[in-house]
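Here we start with a single chain on its own, the form predicted on its own, put down as structure tokens.
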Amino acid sequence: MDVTEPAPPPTRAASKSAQTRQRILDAAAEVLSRKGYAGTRLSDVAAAAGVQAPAIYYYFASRDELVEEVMWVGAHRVRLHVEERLAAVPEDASPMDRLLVAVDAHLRYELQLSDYATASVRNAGHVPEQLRVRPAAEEALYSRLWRDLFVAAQQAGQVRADLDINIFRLLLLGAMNWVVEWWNPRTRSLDELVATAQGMVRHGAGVA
């Protein structure tokens, strides 16, 4: 009978190449999150990644291709992070509890754990339209995740029946994404910020 042989392990050269590509992506996310699309130069990315600027073209055909990848990774990873946090919630948790967990996960990932998420959010309205196609598709999946959370809470009677959950969901995501522009950890702790955002959901959308 036919036996499928296992794929050979990656060579040392392939592994090193993948690591270099990841360093370039990480550096681009950090630079893009600080300087924005207009201010991001490949020379800055190369310096942060510890490579020569021309080496970037071995992995990415252009500056825009690199930026697009950072934007997509940012949108993709925040969705995966929130999904993982929700998967760890006890089965007997209420739909409202799950909503509050999602708020916590989104804000902490965006502000504390990922330059990618910050870069994606901060530059969404500033990159050329063609660079928005892949990230926007990923953002649509994430938006549906939030829609489903609100629908479940409303059906359980924990979100007001008269609330337009589509409008509230978009307002909430917009407010949480905008936090990267103004939050200062020296004046408000992340715990305080998360608690306030959760209060917006509990008292703004919840049943009194």
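Please read these numbers as outputs of a predicted model, since none were measured by experiment. Position 1 is the first residue in the sequence shown; the rest follow in order.
This next part talks about the form predicted in complex with another copy of the chain, which is not shown.
- Contact annotation for T196: at least one heavy atom lies within 4.5 Å of another copy of the chain in the predicted complex.
- G125 belongs to the set of residues with a heavy atom inside 4.5 Å of another copy of the chain in the predicted complex.
- Within 4.5 Å of some heavy atom of another copy of the chain in the predicted complex lies at least one heavy atom of N177.
- At the 4.5 Å threshold, heavy atoms of L171 reach another copy of the chain in the predicted complex.
- Distance criterion of 4.5 Å from any heavy atom to another copy of the chain in the predicted complex singles out A38 from the list A38, A161, A61, A140.
- Heavy atoms within 4.5 Å of another copy of the chain in the predicted complex belong, among the stretches 23 to 31, 163 to 171, 65 to 73, 46 to 54, to residues of 163 to 171.
- Contacts between stretch 183 to 208 and another copy of the chain, counted in the predicted complex as any heavy atom lying within 4.5 Å, involve R188, E192, L193, T196, A197, G199, M200, H203, G204, listed in sequence order.
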